[in-house]
Structure formats: structure tokens, C-alpha cells
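What follows is one chain in C-alpha cells, specifically the form predicted on its own.
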């Protein structure tokens, strides 16, 4: 069984019904360690050694966050800058994360169609997330397609949101229970699609 480390960052968490439900769906699962960065480090003073210790103890790193300006919130960027340091995560002697899996789990205000050459954002989500994919590669980690909830602000009812929170839980359980076919994942833009393909009875 893989150990999952969810690094969560949302500076306005209380306003995000979708992220609240996504977090509830996974934070107490067996084998999952959940870290709310804005709750733990409101002063941005990150305990680098503690975070590195947690990374060493886990097999899968999930970066969960809203898609702010095509990237992550400031505190998550600070976490990446400080924790994935030279000599630990990359560079001479920096092999601590080799072989681990890394994934983004994001919410966006825009539709999937808006993230295309015909849409207002021009590039697709995967292209915007290349910086995370390359960060994982530099650290010797295997980056897997993201979990994405589009148009999250349009999801108002518990029933609408639970479709995605249930799916997110299934993603995390699949990663935890090592039932993921990594080779097949490359065929999908989002891990959502892979899970739905594996469980055809599910419907979004």
C-alpha cells in the first residue's frame, strides 16, 4: 500500500465549497497524510526539515490547490522553493524523491473548452502544468496526469459537488492501493478520465 501525502493550499478556503468537499473526501482515509499549508504556516515560515521528513515517509505527493493565475497559490510556491532544495530533491546528492509519484489536484473557474487554442486561455491545463511536471522530473519523480475540476464556481449543490469529491476519493484510493496502471495513464489528459474509464458505471 502506498502512503499518500496531500499538500493543500488555499488562501480563501472558507469560500471554496468544492475544495472543502474534496478535502473531506480524502483527509481521513487510511494511508493519507493531509497538510493544510495555510493553516499550519499562516506566517509563511515553513519548517523545511519537517516537510522533507514527511516527503521521505510517503510514496505519492499530491499538490491540491485552486488554479491561481495558471499556477498555485503563493504559499505552495514557497513550499516548493524551500522544501525541494538542492542536495535533497535534486543536484549533487539530491536523490531523496527518486521514484515517487507526483500529481496536481486542481479546481478552475474556467471550462475545459476555455483551456484550448480556441478558448480564452489558449493553452490546455496540461501545458500550464508543465512547470510542475518538469519539477517532478528534475527530482526524479514520476508525474502523473492531474485531477481537475473545471467551472468549480458553478457547482452549487451538494449533489453536483459530490460527483467530483467521490471521484477524487476514488483517485486517491487507486493511488494508495497501487491499482493504477501507469502506462495506460499517458493516454489520458486528466486522471479523472482514467478512473472513469476503469469504472464505467461512474458518470459525471
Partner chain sequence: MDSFLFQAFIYLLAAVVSVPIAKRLGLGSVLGYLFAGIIIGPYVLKFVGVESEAVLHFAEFGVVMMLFLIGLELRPELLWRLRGPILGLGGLQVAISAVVIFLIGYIFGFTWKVSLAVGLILALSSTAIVLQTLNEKGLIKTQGGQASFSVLLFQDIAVIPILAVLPLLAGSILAEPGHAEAAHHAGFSIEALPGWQQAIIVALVIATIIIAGRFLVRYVFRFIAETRLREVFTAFALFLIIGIALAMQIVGLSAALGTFLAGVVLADSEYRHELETDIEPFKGLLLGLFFISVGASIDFNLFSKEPYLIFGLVAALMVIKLVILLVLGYLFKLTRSQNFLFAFSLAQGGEFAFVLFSFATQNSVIPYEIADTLILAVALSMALTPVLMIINEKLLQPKFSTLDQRPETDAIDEKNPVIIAGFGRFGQIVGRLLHANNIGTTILDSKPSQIDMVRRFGYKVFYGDASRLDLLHSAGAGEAKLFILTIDDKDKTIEIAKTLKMHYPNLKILARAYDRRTVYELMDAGVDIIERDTFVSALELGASALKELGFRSYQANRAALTFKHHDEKSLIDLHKHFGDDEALLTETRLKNQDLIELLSSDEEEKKESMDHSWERPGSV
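All values derive from a computational prediction rather than experimental measurement. Residue numbers count along the first chain shown, from 1.
Keep in mind that the form predicted together with its partner chain is not shown, yet the notes after this line are about it.
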- Task: Among 84 to 92, 107 to 115, 67 to 75, 121 to 129, mark the stretch whose residues have heavy atoms within 4.5 Å of its partner chain in the predicted bound form.
- Result: 84 to 92
- Query: So which of 29, 138, 155, 163 reaches within 4.5 angstroms of its partner chain in the predicted bound form, heavy atom to heavy atom?
  - Reply: 138
- Might residue 56 be said to contact its partner chain in the predicted bound form, defining contact as any heavy atom within 4.5 Å? no
- Query: Which residues within 24 to 43 place at least one heavy atom within 4.5 Å of its partner chain in the predicted bound form?
  - Reply: 43
